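We begin with a single chain expressed as structure tokens, specifically the form predicted on its own.
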């Protein structure tokens, strides 16, 4: 059974009533619940846990790590980033979600600024499946519609993905590479754009399916 560690800053949910209303137990709890329902062995960790909950023992026991961060990227210790980096290179899968694009670990693995354009608009997003044969797109129609979300726009300063699974379109006309697969060392990495903290995006069944598919895809395999 794949062991997943769901990591979250868990700051917005404790500080902002609007976020708490959407994710009363934290974004990590919502993600952990739907992954558990799909048969994964799930544990959670947050920024304010000792060593951010990512001790060497926890990481050694983790097949896939999911990462959600936003306002406190710089509070993540370089020692923990190095620890996660080593585990990815040795085979642990990594899912970087939404504003985790600015996390220290994602920037370290990409080797770029990972910057982008953004706009808090509450507009509709259409996530187009551009690689329908990819395992991460299994069970997904040609388009996922998210009724309200924050806009992310190009240029997204990341290396060209090994595979681009999803591309987003927003009401303002912007487009964005929103489902990007990479390999670093022996580890598989998937960046997935949806997931702003004030919208119930992780409650949406199609989004849950993509995240679960990505965990399966990123799970280490013997070679």
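Source: prediction; values computed, not measured. Positions refer to the first chain, counted from 1.
Not pictured, yet referred to below: the form predicted together with another copy of the chain.
Asks: So in the predicted complex, does any heavy atom of residue 41 sit within 4.5 Å of another copy of the chain?
Replies: Residue 41 lies outside the contact set for another copy of the chain.
Asks: Wondering, does residue 109 line up within 4.5 Å of another copy of the chain in the predicted complex on heavy atoms?
Replies: Yes - in the predicted complex, heavy atoms of residue 109 and another copy of the chain come within 4.5 Å of each other.
Asks: Would residue 128 sit within 4.5 Å of another copy of the chain in the predicted complex, counting heavy atoms only?
Replies: Contact check for residue 128: yes, within 4.5 Å of another copy of the chain in the predicted complex.
Asks: Taking another copy of the chain as it sits in the predicted complex, is residue 184 near enough to touch it, meaning that at least one heavy atom pair lies within 4.5 angstroms?
Replies: Judged by the heavy-atom cut-off of 4.5 Å, residue 184 is in contact with another copy of the chain in the predicted complex.
Asks: Establish, in the predicted complex, whether 89, 173 and 221 all lie within 4.5 Å of another copy of the chain, using non-hydrogen atoms for the distance.
Replies: Yes, all three are in contact.
Asks: Counting only heavy atoms and a 4.5 Å cutoff, which of 151-159, 66-74, 31-39, 49-57 contacts another copy of the chain in the predicted complex?
Replies: Every other range fails; the passing one is 151-159.
Asks: Even though the chain is shown alone, can you say which residues of 128-151 have a heavy atom within 4.5 Å of another copy of the chain in the predicted complex?
Replies: Those in contact are 128, 129, 130, 131, 132, 133, 134, 135, 138, 139, 142.
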